[in-house]
Each structure stands twice: as structure tokens, then as C-alpha cells.
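There is one chain below, alone, in C-alpha cells, taken in the form predicted on its own.
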């Protein structure tokens, strides 16, 4: 299977960092690269995060479908991975899977991302010699595709959990699928938590200094990040962890990507192509499939081996 990922620009400054040869109309397409014999492309819409969330949804979906059809018809791509907000605006990829013009498969990549997020939480607690059973965790975006899976896995491990989202009806629905000591809220009550996981579709940095308690651990999965570098510099007591990054010993040429790293969502579709698994993985995450992606990660060595913050390795006990 040949794969392709579809992301978008985080901001306008990133546009200037891509080689001109990558630009194909409204789509950025990398040269073809080879991962242990499996070939594919890293691509992105020339829309920023603000535009992805600000433009009419049908307009953004049209851009996404046009990109998918170009990759299918001109680049012989068999499977598409939706990155960052392209997942959010297509109902977790469900909308894409229903489009008759597209004959291939689609994967939002969030299953391995959720798995790696949970691993990052555990590693961060171990790094600072803390036990989850003594800690309060807040999950922002708790009913989203990633947030829901992380919630199902982590809540039972913590002393108390605060599940945060914008819609009361979605939070009420989430309650039915969660075990443990938890509460739900539409308020951003992250300051009450020792550990914060952010997995939102917010187009800007959501968390400010006043939202975080002293020595908080923040596993930031969102793209764009929910916790900015500026806040990290102002609050050195806070440990922000890059969410969803794993080791990947191939050069992708993605501007801003730390050497030897890649997004776990991209890795997931590469691994699915390598395994020649011809299925859609969209909408809510199947935890059995999530565990399968963890096994694939170990098999190919695409795993979380160290914690970083904006690409810089995080050191030990504070």
C-alpha cells in the first residue's frame, strides 16, 4: 500500500519554510520517501489552523477532498491519514470514508496518538517519581477522538479526574463509558490538576500561566499546541511534554520536526501500510486496535523513548 498524510499549516510563517518544489497548487507534497520498502508522501493543505476552523466547514472539506482525490488519481495513494484539524472538520474521518469518489482507505492516526499520550503521562510521572494514584488529572477535550480514548484508559489509574469539554451533552454521553473517580465540567479547571492532558481542536494556545498549578505536568497533544513556549519560559516549574511524538529514524524533511522524531499519527498510517491492513480507522477509537498499533510500534521501533518539550529533552527530578 502507498500512503499519504494530509495536514495543514499551523501558521503563516510555516509556509515560507517549505521548498518551492513541494508546492502543488493548494497542496504541499513532499518527495516520495521509502520506509522499509513502503512508500508514501507527507502532504499538507496551504490553510492555517485559524482558517481551518474559521472558514465554512464545507469549504474546508472541499479542500480536503480535492487533495485526497489528487493523491489517489495522480500519485496512486491507497490510504490517507488525516492530520491535526483535518480530522476535526471531517468528524474524525467519518465524512471522508463516505465519499464515493475516494476508493481507498482512511485513518485519522489518533489510535496510536492516544496510546503514546498515555505512555507519555506514565513516563512523566515516573520521571518525577510520582504515583498516578496520588494525583489529580484533567483531560481537556475529553470527549474528542483522542480525549475519549485517553479518558477510558487513564481515569481509573488516578485519584481523581476532571473531564473538560465545551458541550454538556457530549460530557453526559462520555460518563457512560468511563470507570473511576471523576467529574465533568465545561469550565477550564486545569489549575486543580497535577497532570493535564490537552487534546483539543482549538486554533490557538489555550492554556495560560493562571490555568496551571505549581509543578504541573502538561502532556500537550494538540496541534497547534495548547501550551505555548512563552508560557513554558515564564513558568519553569511546569513540565510541558510534547504529546504524540515517537522515534522515527528516517528523514522526512518536515520543517520544524526534531531530527529522529515524527508524529505518531503519521507513524500509524505508515505502519498500517507496512502491515497491508486494508481497513478504515475513523471516528471513535477501538481500544483493541489501539493496542495493535502499540505492538506495531514495538515491532518497527517507532516508540516513545524520551520525553521532550518543543523538541528539547526533559531532564529528571525537580
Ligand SMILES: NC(=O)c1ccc[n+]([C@@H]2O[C@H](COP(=O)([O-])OP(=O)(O)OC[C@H]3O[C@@H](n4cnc5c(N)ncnc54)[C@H](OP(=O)(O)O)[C@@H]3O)[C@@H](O)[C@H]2O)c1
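Residue numbers count along the first chain shown, from 1. Owing to the predicted nature of the structure, the values given are computational and were not obtained by experimental measurement.
There is another form of this protein, the form predicted in complex with the named molecule, and it is not shown here; the text below is about that form.
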* **Interface membership of residue 166, the named molecule in the predicted bound form, 4.5 Å heavy atom rule** => yes
* 4.5 Å heavy atom contact, residue 119 to the named molecule in the predicted bound form -> no
* Can any non-hydrogen atom of residue 206 be found within 4.5 angstroms of the named molecule in the predicted bound form? -> yes
* residue 184 within 4.5 Å of the named molecule in the predicted bound form, heavy atoms -> no
* To do: May I ask you to choose, among 115, 196, 221, 80, the residue with a heavy atom within 4.5 Å of the named molecule in the predicted bound form?
  => 221
* Just one of 88, 228, 157, 72 has a heavy atom within 4.5 Å of the named molecule in the predicted bound form. Which one? -> 88
* Asked: Tell me which of 172-180, 209-217, 94-102, 140-148 has residues with heavy atoms within 4.5 angstroms of the named molecule in the predicted bound form?
  -> 140-148
* Using the arrangement in the predicted bound form, list in sequence order the residues of 264-279 with any heavy atom within 4.5 angstroms of the named molecule. => 264, 265
